[in-house]
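Here you get one chain, nothing else, as structure tokens; it is the form predicted alone.
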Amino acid sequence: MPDTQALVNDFLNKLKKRKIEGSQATAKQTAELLRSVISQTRMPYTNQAAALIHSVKAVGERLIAANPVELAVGNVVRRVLHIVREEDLSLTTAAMAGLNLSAESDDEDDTDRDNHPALSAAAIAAASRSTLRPPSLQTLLEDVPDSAAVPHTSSSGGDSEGKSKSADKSSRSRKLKHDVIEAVNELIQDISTCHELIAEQAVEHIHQNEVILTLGSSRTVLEFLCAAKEKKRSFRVFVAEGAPRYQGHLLAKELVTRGLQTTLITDSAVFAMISRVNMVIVGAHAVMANGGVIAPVGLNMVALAAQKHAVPFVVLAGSHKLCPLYPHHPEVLLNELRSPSELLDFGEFSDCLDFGSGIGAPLLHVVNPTFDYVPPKLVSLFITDTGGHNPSYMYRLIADYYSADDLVLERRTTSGN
């Protein structure tokens, strides 16, 4: 089995050097790495869930610090932490329910049941909330009223009872790690199939003879449009080129290859062409808890144009892009500046870039942001792998994927970030 630390260091280097393209690939590789971390974590005699959470957090903080702008990394880390807590809670509840049944089966008549009442739902819930306590049944009962405790066995069975408890702890430890790994495998599968699940909904939203506008290049958008084409929908696509990287050129070429009628336009022509459009369909870098969208630069302009002409603005996003943080949160970096070489040729502008002033500052400054922020009021609909949702519903959807205890992860930034 490969060394976990070597895998972590290799992935950290890829994140720092921006060698992984796309949020889906980043999210999938993050989940796979955390699965390896979990599988190789040594489980203590007690507090197994706490040990797993500590291991995941320790690695997750380093991954987030390596590339804070790639929010999918933090999303997956928090999803895995949520999985650990949920699986531990499930095992705790099952253990308490089993004890409840055992207490009932030991009672011989109604009188005995009155003397030793079954565990109440409140008692089970109290024990379940203590998910990071030692998982033995005796310890779990520390939060249960004395009247709910099971009668002690005779002293002659003490040795066998101790062995039984030890075996239960060992079995529960293996069960917890197994269940967590299985749940992480399901998460990886969900990330891998998110494009297909979103694309299956295309026929419900794209109708005959419509004109669709998009900007830049997004695999999710590509699969969504092609899925509608495969369902015999006939429509036309306007693609804004997405300067300065011109990813829209790649999308336009791919759409033509798939047999879709495509028109390539400049970003500055969006407002002039939007009146001919029936719907705007775009991808997202991340979806925030308030329903706002961090998206490729230029999309806020498109959203404003769509609002001005009452054109629906639809955002496609896999569940791994749903971020539980708000855009004003200090852990969220809304933007990243790319190289000025994408905007101009240094050879042609060398005179402007010379330090001509006495204070040593260049005469020309070049700013090349990567992302835009689109507020929720400009978004008409989100389409995720679980269906279509209004922006006002996103915070409730996001709450199903994350634990409140894990919303804030310490970010150890370095001078290189």
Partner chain sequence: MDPRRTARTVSDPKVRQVGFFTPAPPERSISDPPRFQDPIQPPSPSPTQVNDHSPSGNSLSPVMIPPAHHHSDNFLRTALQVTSPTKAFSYSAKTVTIPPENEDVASSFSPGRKVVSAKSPSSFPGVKASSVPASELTTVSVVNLPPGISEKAGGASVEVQNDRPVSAKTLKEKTSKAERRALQEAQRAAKAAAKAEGTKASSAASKVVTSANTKPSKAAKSSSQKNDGSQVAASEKKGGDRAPEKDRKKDAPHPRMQYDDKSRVEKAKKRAVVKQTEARNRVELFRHLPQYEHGTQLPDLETKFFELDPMHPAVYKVGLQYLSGDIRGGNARCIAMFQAFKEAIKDYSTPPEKTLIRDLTARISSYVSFLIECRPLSISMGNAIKFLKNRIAKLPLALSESEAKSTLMLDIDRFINEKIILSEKVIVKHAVTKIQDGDVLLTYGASSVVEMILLHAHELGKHFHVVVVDSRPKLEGQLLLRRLVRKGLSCTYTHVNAVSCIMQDVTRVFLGASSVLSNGTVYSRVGTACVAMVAHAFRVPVLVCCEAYKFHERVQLDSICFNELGNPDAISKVQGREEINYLDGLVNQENLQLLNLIYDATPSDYVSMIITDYGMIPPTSVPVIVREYRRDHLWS
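Numbering follows the first chain given and starts at 1. None of the values given here were measured: they were computed from a predicted structure.
Missing here is the form predicted in complex with its partner chain; even so, the following discussion is about that form.
Enquirer: What is the one choice in Ile181, Ile188, Ala95, Ile265 with a heavy atom within 4.5 Å of its partner chain in the predicted complex?
Expert: Contact with its partner chain in the predicted complex is made by Ile265 alone.
Enquirer: Just one stretch in 281-289, 199-207, 237-245, 80-88 has heavy atoms within 4.5 Å of its partner chain in the predicted complex, so which one is it?
Expert: Among the candidates, contact is made by 237-245.
Enquirer: Should Gly298 be counted as a contact of its partner chain in the predicted complex, where contact means heavy atoms within 4.5 Å?
Expert: Contact check for Gly298: yes, within 4.5 Å of its partner chain in the predicted complex.
Enquirer: Taking heavy atoms and a 4.5 Å cut-off, does Thr46 contact its partner chain in the predicted complex?
Expert: Close contact is absent here: in the predicted complex, Thr46 is far from its partner chain, nothing within 4.5 Å, heavy atoms only.
Enquirer: Taking heavy atoms and a 4.5 Å cut-off, does Ala58 contact its partner chain in the predicted complex?
Expert: Contact with its partner chain, no.
Enquirer: Residue-level question: is His54 within 4.5 Å of its partner chain in the predicted complex, judged on heavy atoms?
Expert: Because no heavy atom of His54 falls inside 4.5 Å of its partner chain in the predicted complex, the answer is no.
Enquirer: Heavy atoms within 4.5 Å of its partner chain in the predicted complex is the criterion; list the residues of 268-306 that meet it.
Expert: Result: Ser268, Ala269, Phe271, Ala272, Met273, Ser275, Arg276, Val297, Gly298, Asn300, Met301, Leu304, Ala305.
Enquirer: In the predicted complex, do the Cα atoms of Gly216 and Glu331 sit closer or farther apart than here, given a shift of 3 Å or more?
Expert: Relative to this form, closer in the predicted complex.
Enquirer: Answer with closer or farther for the CA-CA spacing of Pro330 and Gly318 in the predicted complex compared to the shown form; it moves by 3 Å or more.
Expert: So the answer is closer.
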